[in-house]
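Shown next as structure tokens: one chain only, the form predicted alone.
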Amino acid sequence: MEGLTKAYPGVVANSDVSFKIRPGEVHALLGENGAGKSTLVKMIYGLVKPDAGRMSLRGQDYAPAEPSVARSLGVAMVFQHFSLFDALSVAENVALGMENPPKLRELAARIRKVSQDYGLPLDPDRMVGDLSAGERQRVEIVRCLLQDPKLLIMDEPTSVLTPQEVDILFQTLRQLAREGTAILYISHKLEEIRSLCDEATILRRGKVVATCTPREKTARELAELMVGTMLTPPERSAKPKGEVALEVAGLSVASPIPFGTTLKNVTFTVRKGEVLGIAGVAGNGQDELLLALNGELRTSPSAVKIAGVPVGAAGPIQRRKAGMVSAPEERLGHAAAPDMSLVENALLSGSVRKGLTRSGFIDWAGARRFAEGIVQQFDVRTPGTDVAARSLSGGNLQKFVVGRELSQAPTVIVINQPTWGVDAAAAASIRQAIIDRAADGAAVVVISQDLDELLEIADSFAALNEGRLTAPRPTQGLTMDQIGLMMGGAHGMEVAHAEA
């Protein structure tokens, strides 16, 4: 890549970006949200045409007009969000991603061979809706491998994997590199970058600001290169924990989500000032747990209690009145209405606790002040509060959504994936805000696939597996092996026996 530049109205996404990737090299692309990573890989993959600059692939000029051209020339990409149909088989999903797919029987045989050769075994006849998140990612990767790629782009590939699955993925990527495949690897998990990648290019505000060998840097040094400032770790409160604020007992409820996971006898308590971290590979009941806690999914009255008051049969508005706020994983469509302004989105969940309606009338001035306060306090990069939610980058919308909930003086907070897709500086800010609310006396449940995040901010730890929750354990002293076993479904004594 030489001098790649791409501008949109009011913003230069990439400015004179140049770097090289050698065959067999795992090359990291790092940068905070809005740094230009997505635009750059879209130009490489043929989704966006650069305004200036040139690319070459294996010594030949390279300017793909669309992704099918990129794929035909040996460029493959595994996106952060899977593009799979739940109601189709593995083989049928793979066929949909091919220009000229062979007959399904022949394709199934190729899937079996390639997946076995690269340590990612798949049954081509299984329905995708029945697969775990890690198995779904295998489908995406195997689909790429069937193209015999010369350059493989991976966007946040480990966000849905257990530590053990990450090890398997890294073995596969190293095997590909040994065979000569160049890999462009995007991740916010800097210890992974240090472990896997040979070189790194760091973007800031659309420009290349540094190149380095990741294993020669600490994770903190890499993060500071990304954001351009010194980072400080979150400060935990030493205050003693208070009385139980959230009690969940014997929570069992069927999933309303197609191919979802039924919750089975989920039981835990969270005290005032406590942060409970809940881990789990995607698809093991995290979405259902948030819905059951925030009132979108009703349960028996006594299954959920806030400050001792049964609210299991109450809806979201009643639970907000009782002091609970929540932020779901899906930003656009669930946490925020895409075509509504930030002011309107602030009103949607803040009207109850911020008193933004009076006698049936909306206090628009108050809603605007609330939205502007969120933007200022959580450093949401936006031209103003009248813009549509969908116009914000994913990371900035995440900061707005989390900030909106944390700004409502809650007594109970439930957040699924609080720092999903945000950069190091924004993640540190969100984590500190969560810890600060706990220090103010809130009981906090953080559901996350980022284990480092949970170990950093949580006082106690539990894991979801197929709708069952392990008994919470103190976070201090937990090892990654223990966590991996818990995420894999081992409970209590099973973990101790497996460790032995």
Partner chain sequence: MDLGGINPAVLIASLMVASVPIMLAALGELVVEKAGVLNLGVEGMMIIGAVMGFAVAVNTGSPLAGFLGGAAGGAILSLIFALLTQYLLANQVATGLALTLFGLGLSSLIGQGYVGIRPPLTGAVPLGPLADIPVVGRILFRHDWMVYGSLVMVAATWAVLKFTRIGLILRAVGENHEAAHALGYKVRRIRVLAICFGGAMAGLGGAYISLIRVPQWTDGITSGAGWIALAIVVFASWKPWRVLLGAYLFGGITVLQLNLQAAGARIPVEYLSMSPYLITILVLVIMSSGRGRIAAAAPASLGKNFHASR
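Numbering follows the first chain given and starts at 1. It should be emphasised that the depicted structure is a prediction, and the values quoted were computed from it without experimental measurement.
The same protein also has a form predicted together with its partner chain, omitted here; what follows describes it.
Looking at its partner chain in the model of the complex, residues Tyr45, Glu66 and Arg71 each place a heavy atom within 4.5 Å of it. The stretch that touches its partner chain in the model of the complex, counting heavy atoms within 4.5 Å, is 86-94, out of 387-395, 86-94, 345-353, 362-370.
Proximity of Pro101 to its partner chain in the model of the complex: non-hydrogen atoms within 4.5 Å are present. Mapping the unseen interface onto this chain, Phe170 falls outside it, with no heavy atom inside 4.5 Å of its partner chain in the model of the complex.
With a 4.5 Å cutoff on heavy atoms, Arg319 does not count as touching its partner chain in the model of the complex; it lies far away. In the model of the complex, at least one heavy atom of Arg143 sits within 4.5 Å of its partner chain.
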